[in-house]
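Two forms, one protein chain; structure tokens for each follow separately as structure 1 and structure 2.
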Structure 1
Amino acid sequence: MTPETPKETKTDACCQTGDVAVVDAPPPTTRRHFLFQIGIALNVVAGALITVPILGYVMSAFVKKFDLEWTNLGPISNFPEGEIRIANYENPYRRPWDGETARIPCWVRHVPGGTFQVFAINCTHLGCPVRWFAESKLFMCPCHGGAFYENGDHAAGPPPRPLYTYEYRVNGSNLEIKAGILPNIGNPGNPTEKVKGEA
């Protein structure tokens, strides 16, 4: 006579002597399952790190840009006719943590006849600050040897374009420029601005 096979029953049902109870317990967490979940989490983080900057770049085209503000460079008497002087202005969109970097230098050329050119200080090659040498009448970039004529045109070296210029106006006895964003390839200021009588 063969022994009787125990009968399986659900835990909800009443058990009789000799029945085997089947419990609907969650499967145990294995190391493989745990590592798989960690892998998914790391992939989600990596995807976010890649996607967020790309979305920010694409959406920035739809975000309202800063309006440039007329900013005072000081009295015209600070810029003698026929000379090029450096000036500093306070970024109108400065943040508390900007510190000294909120004070931005630029070069002001007072052209004989009462007109001005206000050049951004950054070289149009890689953005190094250019210096004015009155003896040679050239702006020189110390980083890669770029050179610009006194009217901002490219003279030598790797820079691909003339110095960027600010839009300016004379307001009473003061010289003002439109500031807020450094002139760059996307916002070149007045790239075609030329002083009359110059090439």
Structure 2
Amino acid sequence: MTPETPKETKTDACCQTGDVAVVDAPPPTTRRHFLFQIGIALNVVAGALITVPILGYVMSAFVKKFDLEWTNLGPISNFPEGEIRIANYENPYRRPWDGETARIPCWVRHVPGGTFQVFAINCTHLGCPVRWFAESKLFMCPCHGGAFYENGDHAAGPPPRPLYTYEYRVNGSNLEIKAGILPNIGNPGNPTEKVKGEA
């Protein structure tokens, strides 16, 4: 079906033009064969050399450890004892072109007695933003109906664990948390937290 192009069958013309080498394969020890092998070898080396920086660039997000940083949530007086309030903080890893995505919300619970609990906004199921309902004292998730008690424990629905918490400290009159990551099951982001009730 395919009409053969004449060039490929004209073996006798090869030696004048020099570009078509369909004659008998040259003996493996010729200079051409040697150049071919050198060419392959050089390209293997060059390929490896260029792959290193490319892979390094691409994989840097995978291997890099991002340390959490102390981030200000504002004066403690914003968080009355016994109540749960929302607070926004500036992501410590922000870029100048992050716009509004640089401001992250979280829930602050001022436990009666002077301690705090700071919860991530993200539902532990699939990360949707949980909302606090002060009357029923529940965090409810708009996605699949997950609910949490005021201390973060699982109350209902699919979430597999209590709300993620941030490590906090009181610095002078300010409340600070260690922030910087999107908490997820693979990296809950608070090494000090003791997870009970992990299902």
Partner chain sequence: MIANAKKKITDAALGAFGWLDDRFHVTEIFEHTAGHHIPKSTSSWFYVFGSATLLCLIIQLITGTLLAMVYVPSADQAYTTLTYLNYDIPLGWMLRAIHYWGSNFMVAIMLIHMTQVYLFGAYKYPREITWMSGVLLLLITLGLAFTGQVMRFDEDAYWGIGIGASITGRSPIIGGEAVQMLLGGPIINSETLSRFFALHVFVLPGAILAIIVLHLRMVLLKGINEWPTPGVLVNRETYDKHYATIIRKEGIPFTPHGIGKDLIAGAVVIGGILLCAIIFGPKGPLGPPDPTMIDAHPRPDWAFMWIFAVAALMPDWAETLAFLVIPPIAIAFLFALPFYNNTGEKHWSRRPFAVLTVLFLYLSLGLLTVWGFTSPWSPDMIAWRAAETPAPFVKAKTPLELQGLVVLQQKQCRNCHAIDGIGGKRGPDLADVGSRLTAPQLARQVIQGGGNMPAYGKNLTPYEVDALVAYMVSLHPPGTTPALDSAKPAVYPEENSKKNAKPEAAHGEAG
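Here the rigid core means the biggest group of C-alpha atoms that line up within 1.5 Å when the two forms are laid on top of each other. Computed from a predicted structure; not experimentally measured. When a residue number appears, read it as a position in the sequence of structure 1, where counting begins at 1.
Item to complete: May I ask which of the two structures is the form predicted on its own?
Response: Pick structure 1 here.
Worksheet item: If you line up the core, does Gly145 shift 2 angstroms or more at its C-alpha between structure 1 and structure 2?
Response: Stays below the 2 Å threshold, so no.
Worksheet entry | Core-aligned Cα shift of Ala46 between structure 1 and structure 2, given in Å | Its C-alpha shift, to one decimal, is 20.0 Å.
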